[in-house]
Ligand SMILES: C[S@@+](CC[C@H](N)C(=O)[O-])C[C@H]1O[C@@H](n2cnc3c(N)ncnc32)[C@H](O)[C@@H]1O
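Below you will find one chain, with nothing else, as structure tokens; this is the form predicted alone, and questions on how it binds or moves follow later.
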């Protein structure tokens, strides 16, 4: 992996020039303007500064910073609602803006703008991620687990610290997996399997007659590899390019005492691996550009990972081997990819559909009629495509 160049930020505090390492998990640029804010700062002032591009260094009570961020969020939501109402009163939205792909991209743009505004509330932490704010919790362990060791002061978004604390709770409590008598313990920056309706598909699909070796491509938390090992596959080789995912999967395998699973850092397929009776993958489902490293498990620009997996799977298959592709058709309902595209990629790769297992969504957003994308989300089907080499 390429080394990331360190960036530093300077600001004045009590007539003293301070300097700290800039950390941003969402790839926000270092702030050009910083004002000091505290418990006396109103939400309206903070919201105005954030919208103007001014970053705010919090110097008050830690818990009040959380309340301020919630107040800014409410103002963002009111502003978005006023825009919708204004468009409706003026005869908009136009037919063009109601096209599903436009709605999707507009929603993505709104989410990105919201993230930029909310990320402008900052915390200054001492070396080892120590906060000196009043009523500040001990964030050191959570931040170290999320961002790595740090032996110098840093300036970081309050939201990133919240994300690290939330990830620490996920890692401690785990995610119980419906259909399996196990819990998965996700790490920061590794997609948590909170939607796992596809687990039953993996349990229902009949294993190939020979199932000595399986590959799990893009393993993430290791969930698919765990299912295969529990179903009796003798050797599972799981790959991922993300070091965080590899560490996370290793801990989950160790906790379950799975000795049949091996890990390898790789971009898609492992090197020097035997031909597999089964090659599985649950790639990102939406062909859109990730706006930060944390979105790589959800968005796959130009379907690059999906296409790379499909194109390369056949050469890793043993005779009579099968490919299991876990994929939602939400991209099709959002008109970001067609079913013809997908079937065409299968054919180009020399793969034929043996069968397909389907399941309907069970997550809350598929039931939320206020979501502009409700029509697409409620029609979503998640499938396990079983593919075999064409004769």
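None of these values were measured; they are calculated from a predicted model. Numbering follows the first chain given and starts at 1.
One more form of this protein, predicted in complex with this ligand, exists but is not displayed; see below.
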property	result
Within 4.5 Å of this ligand in the model of the complex, all of 30, 55 and 118 (non-hydrogen atom)	no
Selected contact from 241, 182, 258, 273, since only one has a non-hydrogen atom within 4.5 angstroms of this ligand in the model of the complex	241
In the model of the complex, the one of 213, 72, 124, 268 near this ligand [non-hydrogen atom within 4.5 angstroms]	268
Partner contact for residue 283 in the model of the complex: this ligand, 4.5 angstroms, heavy atom	yes
This ligand contact in the model of the complex: residue 296, any heavy atom under 4.5 Å	yes
Partner contact for residue 310 in the model of the complex: this ligand, 4.5 angstroms, heavy atom	no
Residue 218: touches this ligand in the model of the complex, heavy atom cutoff 4.5 angstroms	yes
Proximity to this ligand in the model of the complex (heavy atom, within 4.5 Å), stretch among 146 to 154, 297 to 305, 167 to 175, 248 to 256	297 to 305
